[in-house]
Every structure is written in C-alpha cells, then in structure tokens.
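Below, in structure tokens: the form predicted on its own, a single chain.
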C-alpha cells in the first residue's frame, strides 16, 4: 500500500494472498455465469503494450468494455518514444489524461511497477519480460477450478509445466499460485530450458511421462527469447516433450491439457489435441475475459493489493 493508504495495481502473483486469489477466482466464475458486473462508466483504461500481444490485449479491451470503461490503446509505433522520449516521460504524459488504470506489457521486467511509481495510477502487469504474467496465472487457476469444482479439489493434484520454463513468465506466475492452491508442480523440459533456480515446492524432471499428471500445461517455445548460442532442435524437442498423438494415448479421461497461447500445432502439441475432450485451451481464452473483469473490479474498488 502506498503512503496515501490507497491500494494499487497487480504486478506479481507471488505477493497475492490466498484469500485474494479465492475471491478473484470466485468472482471470475460468477461473471462467466452471467452474474451482473460492476459499472465503471466514464472511466478510462490505457493499454500500454510495448510488446506484441493478441489474447491478453484483446481480452483486456473486452473486459473493460463489459465494465463500461473506455479502453485507450497506446500505439508505441507512432509515439514520441520514436523521437527519443523516455518511457518515464511517456508514462507521466499518459497519466495527465487521468486514466483510472494502466495495463502494461513490456520486454523489460518491472516496468508495470515503475509505471505505478511514476504516475500513482493503479497498474496491471500484463507480462513483463521473463519475470511474471499474473493475470494469466489467475485465469488459469480459475479455469481449473471450473473444471474440477473447487479450489479444495486442486489439492494434491499433479501438474506438469512442460517446455521452455527458462524464458516463461507464465511458468513463474502459475507455478507459485498452483503451489499456493496445494497443487504438486513439476517443471518438465530439456536442461537448456530449465532455470538454474527452482522455486521451493517444485520438482524438476527431464522426461515427460504424461500418465503421471492430472494437469498437462504446455508452454510455447519462445524462439524469440533464445540467445544466439541456443539452438532449437525441433525434432528432438518433439520426440521428448511435445504432446503428440502417440503420447496422448496414455492420457486418461480426467486429465486436462492447457496452454497459454499462441499455440503452434506440431511443436508443443499436435493439432487434433487442441480441441480434444481433455483440452481446456479454448476455455482458457473464454475465461480470460471474466477473470480480467474480476481483477479490474477488485483493483478499482481497492480490494486487492500486492
């Protein structure tokens, strides 16, 4: 909480309390069932995306629209940043238009926190570098609660987060919230895609045995984040870590498949499995709107604080 006592935005999942998470999950599911939302007519949200996005950006646009807000897209390609203006000056300029909320995505870790410090405007982290993506993690937990019935039903379930964990902000956020919910999390992937530090309560495996897990969470291989010295051997990756049709023959009816998107069929997962009965991938996209509505409501009402 800042010096004025006002609660601000959402920058990281790791400081979110369990009680806050439960409230956000419950509210997101209420909204998905048609329970009326709060109204914030006349209030603006500025979407400052310094990195490409489709799902996150559009879902925030739709979520804010459902809440009666006006979403203003800040286009960096035509902005004064190209003329040498600093990001701090840009943030302060945008704040002068009196938005109620910023949503910030960037390649630089911590930029959403800086936006809030510079402007005093509540700011949501929509993904920052290889650091965190808290709203994705919240919507993923919401999707799992809808599928399994309750947060309590997630306890002691086994989750494999598979693939490029090293470069994944989703893995960092989701693993922390999953552990908070009592899920037993394993990072699964090749050695060169594993972080040196593994969070407490998380196991590490170099083989993908699908039958061991209740939740198969596949990560996008982030080729754009690989360093010049890192080569991706596609065939080797597919044979060991992709969810292929052959590997999927070992999946039971109660197991679920998830992916944060965008999905590249044939790389992380074979195309027919994306819409299989086990898959929650499309539902994650649908839930994202209601989950982000719940997050915006909570922040503007001052009921969560990280």
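All values derive from a computational prediction rather than experimental measurement. Residue numbers count along the first chain shown, from 1.
As for the form predicted together with ligand CP, it is not shown, yet the points below apply to it.
Let me know the one among 276, 244, 37, 53 whose heavy atoms come within 4.5 Å of ligand CP in the predicted bound form, would you?
By the 4.5 Å criterion, the partner-contacting residue is 53.
Can you pick the one in 68, 266, 262, 272 that has a heavy atom within 4.5 Å of ligand CP in the predicted bound form?
Checking each option against ligand CP in the predicted bound form, the one that comes within 4.5 Å is 262.
Just to confirm the contact call: exactly one of 107 to 115, 176 to 184, 206 to 214, 130 to 138 touches ligand CP in the predicted bound form at a 4.5 Å heavy atom cutoff, so which is it?
Checking each option against the 4.5 Å cut-off leaves 130 to 138.
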